[in-house]
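In the form predicted alone, a lone chain appears below as structure tokens.
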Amino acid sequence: MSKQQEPQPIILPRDQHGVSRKQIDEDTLKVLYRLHRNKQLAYLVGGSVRDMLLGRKPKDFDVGTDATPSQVRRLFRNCFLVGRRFRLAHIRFAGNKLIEVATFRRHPREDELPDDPDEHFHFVQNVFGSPREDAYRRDFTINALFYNIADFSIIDHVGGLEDLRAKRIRMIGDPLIRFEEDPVRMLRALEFATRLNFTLDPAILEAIEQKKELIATAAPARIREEIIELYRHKVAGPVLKQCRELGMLPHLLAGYPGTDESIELIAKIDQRTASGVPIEEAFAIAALYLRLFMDNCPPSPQVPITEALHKANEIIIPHCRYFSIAQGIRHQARELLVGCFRLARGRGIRGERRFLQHPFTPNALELFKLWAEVRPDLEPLAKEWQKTLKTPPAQKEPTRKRPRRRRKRKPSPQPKSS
């Protein structure tokens, strides 16, 4: 198709959309304006445009430009380039704040690819292109909208505005091919649909059904980050439930049973995060495996703590090794599981005083109280522990030390007279 025959993008002028510069971060505006003053294209790209059109507050702002990374660095003294092969410009502002600036890219032609197949991925990521070509490289139509600082217009090359109005998640291109390129997109599709309360395009659901096993081939570091993002966005419960319904859960988290009670606990944690309590990875890991741990190590005064520690390690170490989770986080997750085990055993067991003074006990009780909401039979016990932790320990009278007895020195022997 010639350029003359290509469909023209939809351009919404300023008076036809609700995005205002007041919604945009001040430092991001500085970056956009400096690029524009230097005759470079300067667009807000991705999720920030989507969120502003939906009346939401963007989490962060990314900038797209036709300037190369080297050109961006020459324009900003506070800029440094990152990525050995996929070059991005990061512009640093006060408070360790970073604005990411990416050059528009495109898919390379077959005759441009290097001879070595192992180099294809890195080469594909660094072929510079036009804004339209860059839009077609993105995953979902609602994430491919641009805001042009030159005239404050919204530019749509892929039908994202229509999908926003229809509240629909639709893939750019064939979902089967796009999921083969990057299996993590399957999880992101479920996340966006849940976060935004949008429907999934039937083609995406069909493609997930056919390609769900591929999620196991994705880089563990990316899966780990996406799972934490589910927790941060308060959608981990419903997304994991949908993964189970679609048959994707065993390929996503091999050791996670995904029972009704377990997923209900994750949903309770989503509510906790929504109330303003930040999620920590150790807490998230312990919540994932609490039901499995309790099944394998039923709380009982007869079960020694050493066995509970062993079972907790046995359950979470495979997860932590696969996702390269630091030993400190793994230790915290284990202490939370064992703490819940101690709480579930009840009061009056040897070592209780020491346990109440343990630094992990308050967090363990937080998790146990959420578990008690799933298991109502544990609620009285959770309330009793809560009351005990809030009550300061009784002050003991200081014991008076007995005076130290001084040893009598033996008289030195007298010298014998001659």
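Quantities reported herein were computed from a predicted structural model and do not represent experimental measurements. So that there is no doubt, residue numbering starts at 1 and follows the sequence shown.
The protein also exists as the form predicted in complex with a small molecule; that form is not presented, and the subsequent description refers to it.
> Heavy atom within 4.5 Å of the small molecule in the model of the complex: which of E366, D51, D66, D27 fits that? Just give me the one.
Contact with the small molecule in the model of the complex is made by D51 alone.
> Only one of R185, K311, R342, R334 has a non-hydrogen atom within 4.5 angstroms of the small molecule in the model of the complex; which is it?
Among R185, K311, R342, R334, a heavy atom within 4.5 Å of the small molecule in the model of the complex occurs only for R185.
> Looking at 347-355, 43-51, 369-377, 29-37, which one sits within 4.5 Å of the small molecule in the model of the complex if you count heavy atoms only?
Heavy atoms within 4.5 Å of the small molecule in the model of the complex occur in 43-51.
> According to a 4.5 angstroms non-hydrogen atom cut-off, is D163 in contact with the small molecule in the model of the complex?
Although the small molecule is absent here, D163 would stay clear of it in the model of the complex, with no heavy atoms inside 4.5 Å.
> Indicate whether D60 is a 4.5 Å heavy atom neighbour of the small molecule in the model of the complex.
Output for D60 is yes: heavy atoms within 4.5 Å of the small molecule.
> Tell me, yes or no, whether E280 is in contact with the small molecule in the model of the complex, where a contact means a heavy atom of each within 4.5 Å.
Although the small molecule is absent here, E280 would stay clear of it in the model of the complex, with no heavy atoms inside 4.5 Å.
> At the 4.5 Å heavy atom threshold, is D139 in contact with the small molecule in the model of the complex?
Output for D139 is yes: heavy atoms within 4.5 Å of the small molecule.
> Would the small molecule be touched by all three of R195, E229 and H233 in the model of the complex, meaning a heavy atom each within 4.5 Å?
Yes: R195, E229 and H233 each sit within 4.5 Å of the small molecule in the model of the complex.
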